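A single chain, nothing else alongside it, follows as structure tokens in the form predicted alone.
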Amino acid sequence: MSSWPRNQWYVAAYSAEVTEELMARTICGEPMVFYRTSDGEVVALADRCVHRRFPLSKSHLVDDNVICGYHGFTYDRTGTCLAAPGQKRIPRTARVPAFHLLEQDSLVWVWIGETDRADESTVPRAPWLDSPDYTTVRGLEPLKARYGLLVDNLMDLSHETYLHGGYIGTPEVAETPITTEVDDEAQVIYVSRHMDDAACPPFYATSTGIEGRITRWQDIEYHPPCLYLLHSRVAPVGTPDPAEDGRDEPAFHVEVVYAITPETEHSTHDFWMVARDFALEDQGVSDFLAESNRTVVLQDVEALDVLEVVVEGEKENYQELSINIDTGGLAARRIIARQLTKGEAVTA
């Protein structure tokens, strides 16, 4: 039994990553080859020729078909074999699995599980990522740790004070209590931390130009297992709260998005994105936010890579300690556990 839920959507790639070149990526233990056809469709096939297992990602793409670089077995976008060497009759078993995909909000989502259960309406949205009202920077870092450690990390932002001081962490993050709400029916977890009078970390001071102390809101919205949204609002102290109609002009808004996609049991694709609604055309702000956020992500990667070694080596039934700040993370574990049980029950 894998540690990730089946019958779920996972982010496999950024849309811009998938081109008319073959690209290999392992998602939830499944080696896949991705490419974009001449009419723009994104395709994902199992990255293994049915004949002698040669990786299709190390093969050739001709007229939207993949020709195995070992013996020339040729597959179309559905995984059906169109040609085999030395014979006209193609064996009925000569096909490779094709995965159900959805391209949305500049992300390529892949369905892991039974194809007939793939419901595109359940894919969570992150509309800021391709909105003209926002400018987005993004990256992808390999994590040599299980995906659950990244979930824990992101659901408890008190670590910003200690791990990310000088970038996004200030004392107020760890000192301010959180509120947590869980929508079990929708399978969404909300964790909020509102700081009325906080130091402005360089991440926001440099990008917004705010001088002095700020009101800082961190509203997490996590859709297990894959999509994490952090709605961040910063404004000078004394700025009124948003109006009832949603207007909030004096404040600056940053939408931090993470896609947490298991690669293997002990590695994770850490997709990160930062979308802002200010200084939209300022390349200097984009460069600063991209560099700063990547530094923060790499600080997490270094810590979680170390933690993976510790967790992997600990004794069975080790009991960790949880406190109030872990409420959101524990709720995430419960929902993922239910998704795991449900997925296995359907698969059995």
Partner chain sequence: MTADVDLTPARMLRGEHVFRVVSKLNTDILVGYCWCGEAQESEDPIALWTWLLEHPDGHSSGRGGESPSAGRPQVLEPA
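Numbering follows the first chain given and starts at 1. Since the structure is predicted, the reported quantities are computational estimates derived from the model, not experimental observations.
One more form of this protein should be noted, the form predicted in complex with its partner chain, which is absent from this view; the next part is about it.
> Is there a non-hydrogen atom of residue 278 within 4.5 angstroms of a non-hydrogen atom of its partner chain in the predicted bound form?
It does not: once its partner chain is placed as it appears in the predicted bound form, residue 278 has no heavy atom within 4.5 Å of it.
> Is it the case that residue 133, even though its partner is missing from this view, gets within 4.5 Å of its partner chain in the predicted bound form, heavy atoms only?
No, residue 133 stays farther than 4.5 Å from its partner chain in the predicted bound form.
> Decide whether residue 330 counts as a contact residue for its partner chain in the predicted bound form under a heavy atom distance cut-off of 4.5 Å.
Yes, residue 330 is a contact residue.
> Is there a non-hydrogen atom of residue 142 within 4.5 angstroms of a non-hydrogen atom of its partner chain in the predicted bound form?
No.
> Among the candidate stretches 107 to 115, 161 to 169, 175 to 183, 248 to 256, which one is within 4.5 Å of its partner chain in the predicted bound form when only heavy atoms are counted?
Heavy atoms within 4.5 Å of its partner chain in the predicted bound form occur in 175 to 183.
> Just to be sure I understand the contacts: of 239, 192, 206, 267, which is the one whose heavy atoms reach within 4.5 angstroms of its partner chain in the predicted bound form?
The residue in contact is 192.
> Just one of 83, 98, 230, 188 has a heavy atom within 4.5 Å of its partner chain in the predicted bound form. Which one?
Going through each option in turn, the one that passes is 188.
> Listed by sequence position, which residues of 312 to 340 have a non-hydrogen atom within 4.5 angstroms of its partner chain in the predicted bound form?
Heavy-atom contacts to its partner chain in the predicted bound form: 322, 323, 324, 327, 330, 331, 334.
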